[in-house]
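In the block that follows, a single chain appears as structure tokens, in the form predicted alone.
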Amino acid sequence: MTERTSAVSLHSVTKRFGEDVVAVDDIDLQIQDGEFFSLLGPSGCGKTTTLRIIAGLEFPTEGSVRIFGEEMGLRPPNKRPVNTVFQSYALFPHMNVADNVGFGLRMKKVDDSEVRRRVGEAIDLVRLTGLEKRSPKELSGGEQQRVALARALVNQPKVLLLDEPLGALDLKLRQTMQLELKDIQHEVGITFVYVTHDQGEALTMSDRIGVMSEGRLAQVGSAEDVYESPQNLFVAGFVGEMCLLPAVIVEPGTVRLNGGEVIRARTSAPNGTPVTLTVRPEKLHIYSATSEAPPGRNALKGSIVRQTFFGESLVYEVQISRSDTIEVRVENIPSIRRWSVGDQVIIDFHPEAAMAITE
């Protein structure tokens, strides 16, 4: 991917507020045409500022922004081939759905017949057909979100920017809208740049994810790469649930935990390097201490110190040494044994499920 073929290209972009606050710190990023790309990170990491720089709502202190190879410079938002959907939908309360969706076109003095055609297409795309005459107050939160999306898409932007647009919705509606947004993006085929602090949203919808921390990109990759192979401890701890255990490399592909247990794991660090062993709770299996783990797998002995019920799953916290505990997540199905606090158990996992990280 090059700057010429990218939908969005950021080169050495830095944004300072005053002398002391660096919101975005020397970012290089290329987003492909037709890609659903998410900027993921905690509050204050710089993801929304990065989106606003692409939109032209902020200008970089240093660096350049190109959209389809064209330098944006100080070009204002209405002169860029983008539209933005915010968490606050900002619908006009005195206008019905159709008028809200077509407002931007009318401001551009688009012909009335063209406005009607494009508004109808946009409303159909977001599955609001039949609600054209309703006012925003007569709509649910999810329907209002769809109106805001249609209002942005009706302008046929080359890039759609979305700043936590599902944040105001309840959990079930948010999960439904995640799938619908991905379907709509596939249907229209344009580039979506999506900002969120919700790891589940990013993993569910994205072709690629840029994980941000303190104004920098900590890792950029596919959802699977970011989840399965985090490049640093920040990404390992932020994206999904992760068990983190201090360890030391004893030989290639092998680490020793605090309790003396020797574990095989993915690692390329030299012998003697302090590392953190990472493994996802759902990749662990739990057995009675009288059982034997299958051959070729890592095994740890311990005792149950806490059990937590999550409905679809149960999480057991297992003490494996004086200083270390590890969490095991198991499905809540009738055939799975329930464990109690105090039970002595063995945890096993495949060496490929464990990764030793040096930073």
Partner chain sequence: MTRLHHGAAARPGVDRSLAIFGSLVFAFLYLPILVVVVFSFSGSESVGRWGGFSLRWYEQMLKNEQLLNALENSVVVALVSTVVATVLGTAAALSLDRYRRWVGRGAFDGLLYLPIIIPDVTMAVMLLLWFTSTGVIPLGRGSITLAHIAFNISFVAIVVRARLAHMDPAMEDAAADLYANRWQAFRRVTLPLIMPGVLGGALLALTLSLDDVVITSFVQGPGSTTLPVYVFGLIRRTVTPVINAVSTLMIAVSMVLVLASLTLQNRTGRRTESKGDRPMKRKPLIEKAESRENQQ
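Residue numbers count along the first chain shown, from 1. Take the two forms, superpose them, and find the largest set of C-alpha atoms that agree within 1.5 Å; that set is the rigid core. Everything quoted here is computed from the prediction, not taken from an experiment.
Below, we refer to the form predicted together with its partner chain, which is not included among the displayed structures.
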Exercise. Are any of the heavy atoms in P93 no more than 4.5 Å from a heavy atom of its partner chain in the predicted complex?
Worked result: yes
For this session: Could you confirm whether R280 comes within 4.5 Å of its partner chain in the predicted complex, counting heavy atoms only?
Result: no
For this session: Answer yes if any heavy atom of L125 is within 4.5 Å of a heavy atom of its partner chain in the predicted complex; otherwise answer no.
Result: no
Exercise. Does T273 reach its partner chain in the predicted complex if we count a contact as any heavy atom within 4.5 Å?
Worked result: no
For this session: Go through R208, R75, R134, R116 and name the one with a heavy atom inside 4.5 Å of its partner chain in the predicted complex.
Result: R134
For this session: Could you work out which of Q175, N155, T204, N258 is the residue within 4.5 angstroms of its partner chain in the predicted complex, going by heavy atoms?
Result: N155
For this session: Can you check 232 to 240, 284 to 292, 142 to 150, 196 to 204 and let me know which stretch has heavy atoms within 4.5 Å of its partner chain in the predicted complex?
Result: 142 to 150
Exercise. So which residues in 80 to 107, when you check its partner chain in the predicted complex, have a heavy atom no farther than 4.5 Å from it?
Worked result: R80, V82, N83, T84, F86, S88, A90, L91, F92, P93, H94, M95, F103, G104, M107
Exercise. Does superposing the core leave K79 with a CA shift of 2 Å or more between the shown form and the other one?
Worked result: no
For this session: Align both forms on the core first, then report whether L233 has a C-alpha shift of 2 Å or more between the shown form and the other one.
Result: no
Problem set entry | V262 C-alpha relocation of at least 2 Å between the shown form and the other one, rigid core basis | no
